[in-house]
Ligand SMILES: Cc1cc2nc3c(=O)[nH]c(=O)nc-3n(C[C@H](O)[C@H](O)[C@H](O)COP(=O)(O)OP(=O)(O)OC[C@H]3O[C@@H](n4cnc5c(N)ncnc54)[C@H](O)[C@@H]3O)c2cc1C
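One chain comes next, on its own, written as structure tokens: the form predicted alone.
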Amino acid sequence: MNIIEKLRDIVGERASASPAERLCYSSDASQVRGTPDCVVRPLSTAEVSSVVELAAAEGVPVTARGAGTGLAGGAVPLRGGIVLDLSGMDRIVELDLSNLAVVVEPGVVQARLNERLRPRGFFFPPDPGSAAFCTIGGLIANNGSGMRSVKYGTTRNYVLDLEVVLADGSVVRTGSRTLKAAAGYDLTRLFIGSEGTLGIITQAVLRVAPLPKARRLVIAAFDSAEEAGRTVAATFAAGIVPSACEILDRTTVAVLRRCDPTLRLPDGDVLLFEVDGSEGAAAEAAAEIAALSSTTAASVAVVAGAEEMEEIWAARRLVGAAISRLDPAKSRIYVGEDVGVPIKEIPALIREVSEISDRFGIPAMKYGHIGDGNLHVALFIDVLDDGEWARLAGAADAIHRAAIRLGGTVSSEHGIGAARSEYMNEQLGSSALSVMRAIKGALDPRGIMNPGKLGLDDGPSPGGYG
């Protein structure tokens, strides 16, 4: 009996080895490619456990996948084997709001969870640009975040407990529903951000937060992105912490205006500061930020209307997909797009990115979660020009190394996957990477869990299973 027949004994026709299905699972939103030998769509923890137990016995790689929105190749099966599509495990199991918690399966889409929570006065704060389609399992596996991590933190801050299938098929719980615990190793945090290299998340208990009663949006325009970066650093130094702090450079603003000419954004490099809380606290914080920004900004405005705020945030979420409006002959390529540095180094990072763009002749938009030091760089090229591909690779490499040199990271929220694994030793150091490899070896001795990611292991060779 070959492996596909054994898989069908577990999940029936939800296991497939057809060439068309395998091709559909050979990529995510990055440039990384790798074709699985088969695709399995489990609907329960028991099925995941049985599939992984079989894979362990056969020495077959297993790669977990959610919505396929990743930008680093984290869900791409580099060495073939089985892709576990967890999107069908999409139940919101329980709303335990008296305990500030919800229980969800990994395939739950982030926006759908918040749609369920909003009428009850709560929300799940991590707010990625892909909220309309990314899954909770993917967010946890990459420790994703988004626009409100400045005040509310990243996904890591909202996971209380995980159900995880380990590399031998056994199932463990990592935490509890208590809001705090001091009982041994923090296994929950170990699996957050591990990108499926240690185990497969099949259920999560998440902490949720009450919706704020009021919000304000401060829009400040500057003559340069560097000046905007200095204003962010000055805002934090003054003890003001917004709930969100975004930068849209002048190129990004031009792109958004082409998408929606009615969008009310000023000329220049723009900062968006959102503050929230009670009516009085939100108004006071907005006034403080506006006063501080006015000393260097070309213009400052405060928006209190919910409809206008939502229009601006909706436009912000479209930035990644809107680049073609600037130059239809060029396409955005997601490389070098997720660097982060300490807040005080933001002006230096912006300056270096601009210099790199000029040096390599690759246009760049700069936008992102500048309030937590996370800058998204949109590089775009003519994909039919081999020379531009070569310069793109050089520019992305220079951006990554600049972030590391400034004491930062090559990924703040999109993950390492395969696309950025070469930088792990430089960023973490050989000793820290050795510790990670030791943990990987202890939990996954056969190296079957998402091999080839995070710079951890070589893993099994592709193909030839059954």
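Quick note: we count residues from 1 along the sequence shown, nothing fancier. Owing to the predicted nature of the structure, the values given are computational and were not obtained by experimental measurement.
The protein also exists as the form predicted in complex with the named molecule; that form is not presented, and the subsequent description refers to it.
- Although the partner is absent from this view, Pro125 stays clear of the named molecule in the model of the complex, with no non-hydrogen atom inside 4.5 angstroms.
- Among residues of the shown chain, Ala29 is one whose heavy atoms approach the named molecule to within 4.5 Å in the model of the complex.
- Although the partner is absent here, Thr174 lies well away from the named molecule in the model of the complex, with no heavy atom inside 4.5 Å.
- In the model of the complex, the named molecule sits within 4.5 Å of a heavy atom of Glu195.
- Within 4.5 Å of the named molecule in the model of the complex, a heavy atom is found for every one of Ala67, Gly70 and Ala75.
- Screening Phe222, Tyr158, Tyr334, Phe360 for any heavy atom within 4.5 Å of the named molecule in the model of the complex leaves a single hit, Tyr334.
- Comment: the named molecule is not present in this chain, but in the model of the complex one of Gly137, Gly373, Gly229, Gly81 has a heavy atom within 4.5 Å of it, namely Gly137.
- Residue heavy atoms within 4.5 Å of the named molecule in the model of the complex occur in exactly one stretch of 114-122, 255-263, 197-205, 349-357, and that stretch is 197-205.
- Taking the named molecule as it sits in the model of the complex, the stretch 408-442 comes within 4.5 angstroms of it through a non-hydrogen atom at Glu413, His414.
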